[in-house]
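The form predicted on its own is given below as one chain in structure tokens.
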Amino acid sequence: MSVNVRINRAVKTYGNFRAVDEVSVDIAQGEFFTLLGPSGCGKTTLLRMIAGFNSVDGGEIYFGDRLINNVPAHTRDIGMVFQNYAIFPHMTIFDNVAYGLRNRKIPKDEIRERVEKTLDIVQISHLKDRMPAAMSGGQQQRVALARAIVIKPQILLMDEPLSNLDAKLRVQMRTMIKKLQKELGITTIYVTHDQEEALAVSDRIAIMKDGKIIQLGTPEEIYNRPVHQFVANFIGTSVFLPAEVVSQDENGEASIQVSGYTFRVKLGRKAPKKLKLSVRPKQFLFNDATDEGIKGVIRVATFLGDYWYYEVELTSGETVEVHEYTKEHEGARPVGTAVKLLLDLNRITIFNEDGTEAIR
């Protein structure tokens, strides 16, 4: 039976350095929860604290109502999938998957039944007598996953499990992992630095930076409503344009100027004079009808199947990426063409000048 995980102000220090800095989060039973961030942000350190491989220097970690700070790793009832698979090279696939069950003194007949069922779930039952050296990376990853879930753990922990696979296989494996997790209903905590992977598999994502959680939310919330410039920059592609409030009335309606273009938008509160706009490539719109918009010149045009990818050099000097779906415009806009860009005002994010707070 899976359980919820509650982390209360968890701290991990190395000398004067805080690798995990008072992190608090509640992970629901059966949730697929991802720790996402760049190298050195503390995500793997936190996962290892949950697993029992790293000590907890402050705060508490609970599995359900059970405080596990000082509980040995081998008694925490977790399944772990490592980046390097950690498969025993001298054992067959069957024996690798059966290893944890034998350590738990499970009867031989039950071991065979559970191993064969689990190998069938991850679709490698036909390889049960093979040695690891004779298997591909994707097949070895399925063995590691089977070994983790066959013991029916309360919690499944996964540390960069797909990073050693090629791009196409990563997509296949992440789809399988997500389907399997939903089928088993097991609480899963997943670590990755791959933003696309996190968006594809997660119920919720915690973006980490410098040992802290910067933003916590669903994939849609993280992508569409970043609360910090770091999040907007880390998830997807964004350009950040300096902007200025020209005027704002008592109802919050503001006139904002960016690169010579002025637009009106309703802000939630009184805005500072200096702002920063976060704009994704799909949030720029070519304006062929009027002279209104941010002026620039197309410097690069690349066909990418469903859309054209453009690099536009603005008159202010910045270069921005613009995506235009092929169904919206027939053929490429030639390199060297002068263009006007409007903004999708319902979707752009407006930050304060230093990018630490979302105004809208």
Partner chain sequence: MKRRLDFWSVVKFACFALMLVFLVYPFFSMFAKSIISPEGGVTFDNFAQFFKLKYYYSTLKNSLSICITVTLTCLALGIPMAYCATRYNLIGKSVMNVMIIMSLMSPPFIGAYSWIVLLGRNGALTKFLTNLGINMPSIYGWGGIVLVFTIKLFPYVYLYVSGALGSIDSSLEEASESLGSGKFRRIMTVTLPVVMPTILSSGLMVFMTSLADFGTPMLIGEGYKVLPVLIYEEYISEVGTNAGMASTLSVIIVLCSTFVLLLQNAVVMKKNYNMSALRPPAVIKLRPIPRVLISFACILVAFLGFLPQIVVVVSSFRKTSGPIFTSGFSLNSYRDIAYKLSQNIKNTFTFSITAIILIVIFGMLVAYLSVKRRSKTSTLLDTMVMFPYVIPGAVLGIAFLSAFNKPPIVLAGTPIIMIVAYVVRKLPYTVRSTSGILYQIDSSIEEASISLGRSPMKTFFTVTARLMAPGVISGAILSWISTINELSSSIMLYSGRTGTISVAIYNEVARGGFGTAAALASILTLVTLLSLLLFQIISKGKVSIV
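Numbering follows the first chain given and starts at 1. Every value quoted in this text rests on a predicted model; they were computed, and no experiment measured them.
This protein has a second form, the form predicted in complex with the partner chain, left out of what is shown; the following refers to that one.
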Check your understanding: Of the listed stretches (195 to 203, 247 to 255, 264 to 272, 93 to 101), which one has a non-hydrogen atom within 4.5 Å of the partner chain in the predicted bound form?
Key -> 93 to 101
Practice item. Using heavy atoms and a 4.5 Å cut-off, decide whether 28, 156 and 173 all contact the partner chain in the predicted bound form. Key: no
Practice item. Determine whether any heavy atom of residue 84 comes within 4.5 Å of a heavy atom of the partner chain in the predicted bound form, and answer yes or no. Key: yes
Check your understanding: Do residue 169 and the partner chain come within 4.5 Å of each other in the predicted bound form, heavy atoms counted?
Key -> no
Check your understanding: Closest heavy atom of residue 56 to the partner chain in the predicted bound form, within 4.5 Å or not?
Key -> yes
Practice item. Could you confirm whether residue 127 comes within 4.5 Å of the partner chain in the predicted bound form, counting heavy atoms only? Key: no
Review point. Between the options 319, 70, 315, 302, which residue brings a heavy atom to within 4.5 Å of the partner chain in the predicted bound form?
Key: 70
Practice item. Answer with one of 115, 78, 177, 235: the residue that has a non-hydrogen atom within 4.5 Å of the partner chain in the predicted bound form. Key: 78
